[in-house]
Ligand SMILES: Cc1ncc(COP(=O)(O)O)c(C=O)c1O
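Form predicted alone, single chain, as structure tokens, below.
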């Protein structure tokens, strides 16, 4: 069997692999606590569920246009006007099978082999692999001060004649950091000046805390939409807790959207008809579920920070949004893969190794579960790692005594 060079270079999704491991352990009856998840536990909006059920009842679940239905595009246009202060046409919009596909077809539309794409570290695990799938070169950028907030100077020092695009995810997965408005403003201007594409992955933009409000990159754009190289990504998965419906979108120039639509038509024909119908209802419907989820996540963030305050040796930067915290465990173990495996084996706690996000020695901890999962999960982690923690702990229905310290 022969495998292509690109195929051989692509690693398995760490988060999906962990989900499989956790599911297998739970199927055996093990009391697993999943602190590595990337999806809210709340239900999808009632409007979305009702719309999906109504379509199913008709039995008319068919192909749609490759770039999405007009109804969904109009809902996305309304969303863009409300949250970005920008008016666009249906031809400026593509709906995809999740925001991940929107990013992928955008990269396939703009990249040639050996082109380079810059993105800050830590980064979402799929960014390097998606760039490599296009035969291009991922260029991760560490901040000089080691913080989770990139600076323009960090980006500029990585720009070369082969740079084609910069990709930004704010609020950020895995850190929860919301990048400063001044940074976004200057980055938009620098990319316009250099003629670079700027991909803004805004999938978490409404899930922000402490009174923050979403930032619209269009506020700082000077190029007209039809000559702009700005690509804005969003979707229903996170804010509406609709991960399984697989509907995301991109807003960009009409010429680029047409190319992306051509590519997508050959990949998946179209997004799910049921998913699109449900997404329209979510976007156009009552928005209380988004605010309810945001408040829950902020409370969970506060609870996690309180737990980490008493965790000797662990440094956790307070997230500005999302449902993640990227905590520094190097005091205990610099190999994050080894550490995550140890926590799973000894305490049945699932975390995601920081090396998958470009920064070893850290773990991504999710706050989208219950408060009980957060408090009990961190307690189990302390039991494994912290010598000052009690040697005895309850895991499920059994008492376990630590015997390795």
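Positions refer to the first chain, counted from 1. Owing to the predicted nature of the structure, the values given are computational and were not obtained by experimental measurement.
The protein also exists as the form predicted in complex with this ligand; that form is not presented, and the subsequent description refers to it.
Exactly one listed residue, out of 111, 75, 99, 139, brings a non-hydrogen atom to within 4.5 Å of this ligand in the model of the complex: 99. In terms of contact with this ligand in the model of the complex, the residue from 199, 93, 203, 304 that brings a heavy atom within 4.5 Å is 203. For this ligand in the model of the complex, the listed stretch (287-295, 327-335, 236-244, 253-261) containing residues with heavy atoms inside 4.5 Å is 236-244.
Although the partner is absent here, residue 166 is not a contact residue: none of its heavy atoms lies within 4.5 angstroms of this ligand in the model of the complex.
Though the partner is left out of this view, residue 173 does reach within 4.5 Å of this ligand in the model of the complex, counting heavy atoms only.
The closest non-hydrogen atom of residue 103 lies within 4.5 Å of this ligand in the model of the complex. At a distance threshold of 4.5 angstroms between non-hydrogen atoms, residue 124 is in contact with this ligand in the model of the complex.
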